[in-house]
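The chain below stands alone, shown as structure tokens; this is the form predicted alone.
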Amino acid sequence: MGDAVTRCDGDIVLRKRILFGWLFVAAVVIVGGVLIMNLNHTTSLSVEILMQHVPTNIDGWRATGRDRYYDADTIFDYIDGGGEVYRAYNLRRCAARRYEHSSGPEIVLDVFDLGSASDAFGVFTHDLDGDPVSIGQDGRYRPGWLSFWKNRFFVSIYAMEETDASARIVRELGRTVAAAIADEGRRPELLAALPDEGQQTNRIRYLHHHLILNYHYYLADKNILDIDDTTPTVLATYRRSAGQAQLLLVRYPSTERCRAAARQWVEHYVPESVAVTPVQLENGSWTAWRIADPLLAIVLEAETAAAAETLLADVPAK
């Protein structure tokens, strides 16, 4: 009798251990699944999935036809003449959707996947007109057009004509898209090297292609500063008591490339220049430059020699 009871108690204990074991495994699987879903949402969210979270009917505006998708090779089929900007920021994928209303203007939603938060921020800085709005990251609104970036996505929503209703829908669409992107992105690290005093935050351009630099400030037809995907670059505007100026920072992957670019800068742009010492150009503005390996700092269009000299002095040594 005693042996039977002992065996029965042992079976109960064994079954409990098996049950608790399965419960533990199930909990791990569930928690792991949630973590995987969150990870996928953060790092692998595609524009196709993102568009599934955006309504096709919003207060009378209805999506027309299917969403269209483009990549770096086909973006010119959609944006003739402007596709090069997105290619310069390593465009991965673009989703385009149009909304129509029986008595309202057409609204166009474009979502660009640039592959990184830095490039999404860079595309956003290409056009900084408009007033700040609390949509996405650094949202800007100008009549009929909302733009913002969030994580690795740049979002543009445009109404063919601005009305009170279309302006409201543009903002509502923007908030919906922004909410579907779980995490915000980090701004490029190079921005931390910009001096704070007098910095015009609405005039900061981030790039890594010399054609984009030439768009905002023309240097030369050739890529004299050797700017490419490995050289994060920022162009910023300053207003100080000594005068207005622009500051160009380029970070190179090696000291050799930094110094070679500085030599080309001097040879092609200011052959008489000495580092740090301001030089006055033919148009009356002042320029100065300094190597802070592996960073090359160049002041452009300074109104006074003091503006060039003091701005350059405020750039970190490294």
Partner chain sequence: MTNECKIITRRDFMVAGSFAVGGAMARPSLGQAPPTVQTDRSRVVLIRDKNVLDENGQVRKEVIARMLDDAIKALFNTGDALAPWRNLFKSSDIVGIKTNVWTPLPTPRALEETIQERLVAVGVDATNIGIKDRGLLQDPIFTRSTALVNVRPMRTHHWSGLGTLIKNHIMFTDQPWAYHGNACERLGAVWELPMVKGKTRLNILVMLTPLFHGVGPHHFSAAYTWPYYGLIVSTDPVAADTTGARIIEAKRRQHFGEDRPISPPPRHIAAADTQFGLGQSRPERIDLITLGFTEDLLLA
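Positions refer to the first chain, counted from 1. If you're wondering where the values come from, they're calculated on a predicted model, not measured in any experiment.
The form predicted in complex with its partner chain is left out here; the points below concern that form.
Contact with its partner chain in the model of the complex, defined as any heavy atom within 4.5 Å, is confined among 113-121, 174-182, 152-160, 189-197 to 152-160. A heavy atom within 4.5 Å of its partner chain in the model of the complex is found for one listed residue only; from D138, E100, D228, E84, this is E84. Relative to its partner chain in the model of the complex, residues E48, D71 and I107 are all farther than 4.5 Å at every heavy atom. Not displayed here, its partner chain is approached by P143 to within 4.5 Å at the level of heavy atoms in the model of the complex. Within 4.5 Å of any heavy atom of its partner chain in the model of the complex lies no heavy atom of V276.
Contact annotation for K222: at least one heavy atom lies within 4.5 Å of its partner chain in the model of the complex. Contact between R93 and its partner chain in the model of the complex is not found at the 4.5 Å heavy atom cutoff.
Residues of 290-307 lying near its partner chain in the model of the complex, listed in sequence order, are E301, E303, the criterion being any heavy atom within 4.5 Å.
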